[in-house]
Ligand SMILES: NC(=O)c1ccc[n+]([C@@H]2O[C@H](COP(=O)([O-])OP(=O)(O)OC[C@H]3O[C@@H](n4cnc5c(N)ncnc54)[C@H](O)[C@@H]3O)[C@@H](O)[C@H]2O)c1
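Before any questions on how it binds or moves, here is one chain, the form predicted on its own, in structure tokens.
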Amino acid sequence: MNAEPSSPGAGRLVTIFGGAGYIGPIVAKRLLRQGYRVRIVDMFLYGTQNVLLGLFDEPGLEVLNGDEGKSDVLDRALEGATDVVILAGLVGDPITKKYPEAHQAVNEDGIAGIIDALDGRGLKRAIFVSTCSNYGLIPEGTLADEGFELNPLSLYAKAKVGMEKKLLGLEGKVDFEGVALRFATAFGLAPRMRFDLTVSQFTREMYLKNDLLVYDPDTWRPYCHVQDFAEVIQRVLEASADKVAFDVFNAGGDANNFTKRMIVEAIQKHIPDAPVDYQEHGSDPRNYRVDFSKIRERLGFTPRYTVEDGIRELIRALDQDLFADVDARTNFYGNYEIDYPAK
């Protein structure tokens, strides 16, 4: 079934590198429903193949199981594509620190290889998903806009900064339009749920009445629902070049700048008797509040979901025992271990 000519995505094929993680299936579903064709490329390093089963009856879906670091896979991934979204990577500080060689192969060499292969293929737009972790540690009371000095503190964030610079430095040299999106920390229900991310982790631990130890409770982070990230990507795909081409955007909303303590307090409104302790001087010193006025003013984007919305929907899911297998499938629900194939 072809998209109606009036559909936003009519005639466009979006290749999503890393499309079988936490965010990718949500993005794919939204685009498919808007008439795009979608090709998901993934190595399934966490055994997440089944997260795509719910999409297989969607017209216009393709799945390519392979390593985009290999030229034959990359050529197949880009064949006929009109747009590219780069979600691929070992996501997060702990997993990249644990597997530095795979980090180099995937987050550095792999992403650089994708970017190098994009020119001359008739693409319209290439979106690189970066992170607000690039800001690292900023002075208290300050908001980081896109021009704020970057201070990446981890291998993960340093690689993101490097790939941003690589992509955005191609302006005037390539036949496509590059865009970098600095994502806030994700939350929200998804086929590949993540319980190693703050909002979901805190909510589940408190729901189960497990002892929760929160390090550096007054440090700030921005958060954003996976459904809102999907909307951001669609808006960037459909925006005019003068609004987005070779530019960078913080992706999220001001209302979802939260400290860890604020998240706990929001959960305590629903689960007041959960045991929580706080401790200073943890291993992660990041502390940043982020200014999202640019994406709001340029693209008209304001998140539909608040952190409180995400807490409520997760509690409803837990009430129905939808995640009874978390302890049995730890690595499906978090980025803890990978089996990266040797080159």
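As the structure is a prediction and not an experimental result, all values here were calculated from the model. Residue numbers run from 1 along the displayed sequence.
There is another form of this protein, the form predicted in complex with the named molecule, and it is not shown here; the text below is about that form.
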{"property": "Any non-hydrogen atom of residue 156 within 4.5 angstroms of the named molecule in the predicted bound form", "result": "yes"}
{"property": "Touches the named molecule in the predicted bound form: residue 89 (any heavy atom, 4.5 Å)", "result": "yes"}
{"property": "4.5 Å heavy atom contact, residue 185 and the named molecule in the predicted bound form", "result": "yes"}
{"property": "Residue 131, heavy atom within 4.5 angstroms of the named molecule in the predicted bound form", "result": "yes"}
{"property": "Residue (of 63, 32, 45, 299) lying close to the named molecule in the predicted bound form, criterion heavy atoms within 4.5 Å", "result": "45"}
{"property": "Residue (of 199, 244, 167, 106) lying close to the named molecule in the predicted bound form, criterion heavy atoms within 4.5 Å", "result": "106"}
{"property": "Contact test, all of 7, 125 and 230, partner the named molecule in the predicted bound form, heavy atom 4.5 Å", "result": "no"}
{"property": "Partner-facing stretch of 177 to 185, 117 to 125, 207 to 215, 262 to 270, counted where any non-hydrogen atom is within 4.5 angstroms of the named molecule in the predicted bound form", "result": "177 to 185"}
{"property": "Residues of 322 to 340 having any heavy atom within 4.5 Å of the named molecule in the predicted bound form, listed in sequence order", "result": "335, 340"}
